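Only one chain is shown below, in structure tokens, and it's the form predicted alone.
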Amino acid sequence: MHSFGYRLNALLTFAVTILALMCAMGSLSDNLNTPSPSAEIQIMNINWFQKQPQGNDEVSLTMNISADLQSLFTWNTKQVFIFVAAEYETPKNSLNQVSLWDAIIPAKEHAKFWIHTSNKYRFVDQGNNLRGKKFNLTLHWHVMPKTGKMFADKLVMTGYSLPEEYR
């Protein structure tokens, strides 16, 4: 002989417990997906390479970015944030990362793309360390799920270098 309030409380508690269990199972099932994204970045042109009045080096690049990130999408993927970073070493720092371009991919249908673009953000080094510098372009991605923890990874592309002289 339980009251109506007691029965309602038991029903809601059971429903929330089942919902939480389903979310946890769904999130764990996402770990069974082994993504295999592919990407290629070509530097088509160095628009300018100059020394700023403050003494810092600045570069503007034109790039072709092609990628197939469809394998990152599952039933639990809300969106994917991607960005391209230039990574290089200097005498002061073992790793310098400069974000050049970024985008949000809202659905699997948009995850296979080709874009011709200049760097969206300034490629500036605090100092004059970029002349003749070898660097990597790295495509980073952050998978934002509907439920569960966020997943991040990257694809490193090597073999890029800047000119010895300013342009």
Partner chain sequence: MDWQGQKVAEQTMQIMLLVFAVIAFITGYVLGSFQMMILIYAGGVTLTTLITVPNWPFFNCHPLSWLDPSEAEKHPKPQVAVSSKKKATKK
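Not measured: the values here are computed from a predicted model. Numbering follows the first chain given and starts at 1. Note that the rigid core is defined as the largest set of C-alphas that superpose within 1.5 Å between two forms.
Not pictured, yet referred to below: the form predicted together with the partner chain.
Peer 1: At 4.5 Å by heavy atoms, is each residue in M22, M25 and T147 next to the partner chain in the model of the complex?
Peer 2: Yes, all three are in contact.
Peer 1: I'd like to know if R167 sits close to the partner chain in the model of the complex, meaning any non-hydrogen atom pair within 4.5 angstroms.
Peer 2: No, R167 sits far enough from the partner chain in the model of the complex that none of its heavy atoms falls within 4.5 Å.
Peer 1: With the cut-off set at 4.5 Å between non-hydrogen atoms, does Q70 touch the partner chain in the model of the complex?
Peer 2: Flag for Q70 set to no.
Peer 1: Can you tell me if I115 lies within 4.5 angstroms of the partner chain in the model of the complex, counting non-hydrogen atoms only?
Peer 2: Contact check for I115: no, nothing within 4.5 Å of the partner chain in the model of the complex.
Peer 1: Could you confirm whether L11 comes within 4.5 Å of the partner chain in the model of the complex, counting heavy atoms only?
Peer 2: Flag for L11 set to yes.
Peer 1: When the partner chain is placed as it is in the model of the complex, which of 59 to 67, 43 to 51, 29 to 37, 107 to 115 ends up with heavy atoms within 4.5 Å of it?
Peer 2: Within 4.5 Å of the partner lies stretch 29 to 37.
Peer 1: At a 4.5 angstroms cut-off on non-hydrogen atoms, which residues of 71 to 98 are near the partner chain in the model of the complex? List them in order.
Peer 2: W75, N76 sit within 4.5 Å of the partner.
Peer 1: Given a core-based superposition, decide whether the C-alpha of T158 shifts by 2 Å or more between the shown form and the other one.
Peer 2: No, the C-alpha moves less than 2 Å.
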